[in-house]
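What follows is one chain in structure tokens, specifically the form predicted alone.
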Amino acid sequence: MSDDSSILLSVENLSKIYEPGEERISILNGVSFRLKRKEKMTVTGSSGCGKTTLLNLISGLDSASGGEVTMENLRLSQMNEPQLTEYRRKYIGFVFQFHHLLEDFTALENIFLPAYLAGEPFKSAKKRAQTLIEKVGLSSRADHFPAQLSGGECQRIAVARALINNPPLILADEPTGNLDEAHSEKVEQMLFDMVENEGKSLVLVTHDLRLAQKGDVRYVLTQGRLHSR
């Protein structure tokens, strides 16, 4: 592996095979790429092709059947569950298709809670959350609960939450797939702006070819392999 300090994430010959019963289903088959710091990568592909599986392997939520995921000098295959939990807390921010905000907490509380649970002092976690909610243009909605927000507003809060622990990598899984066109454009532009302004790397999977064009590097996942667009 290269010692290039510009490389944040290295994925080498990654494979994932599921064996339900007597079946053997190959989802990923030799996926390799390198992601630079501050680089934005998009992956398209048909439903069920393995896009979400790829994100789960990068984040350590699932384990690979073969190959390696390396974040800086950390090899995920060598980590136990507590180490993987710490890895996700330090290195990964998630944005999902569904916002997964906690209904009993306000927008601001949803943002700062991951930092507070990670051990950040209450005052500094709240201050960082206030900065982020301002950046996503929802300061006036800070005390509102998710049920009082639109779908687009909830996704903007989810983007802010993904950034609260200052991770170097944001993983986005169909982040606008549950929104109408008007809200989609606003959320996706804000996501790319926030990633750019905060100096983060991004791996975004989507079926939306227009959204995929926003990536610095673009891939199609088909038959378990990545192909450059």
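If you're wondering where the values come from, they're calculated on a predicted model, not measured in any experiment. Residues carry their position along the shown sequence, with the first being 1.
There is another form of this protein, the form predicted in complex with a small molecule, and it is not shown here; the text below is about that form.
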query	finding
Interface stretch in the predicted bound form with the small molecule - options 41 to 49, 162 to 170, 189 to 197, 66 to 74, non-hydrogen atom within 4.5 Å	41 to 49
Sole residue of 58, 179, 35, 27 within 4.5 Å of the small molecule in the predicted bound form, by heavy atom	27
4.5 Å heavy atom contact, residue 207 to the small molecule in the predicted bound form	yes
Residue contact check: residue 53 to the small molecule in the predicted bound form, 4.5 Å heavy atom	yes
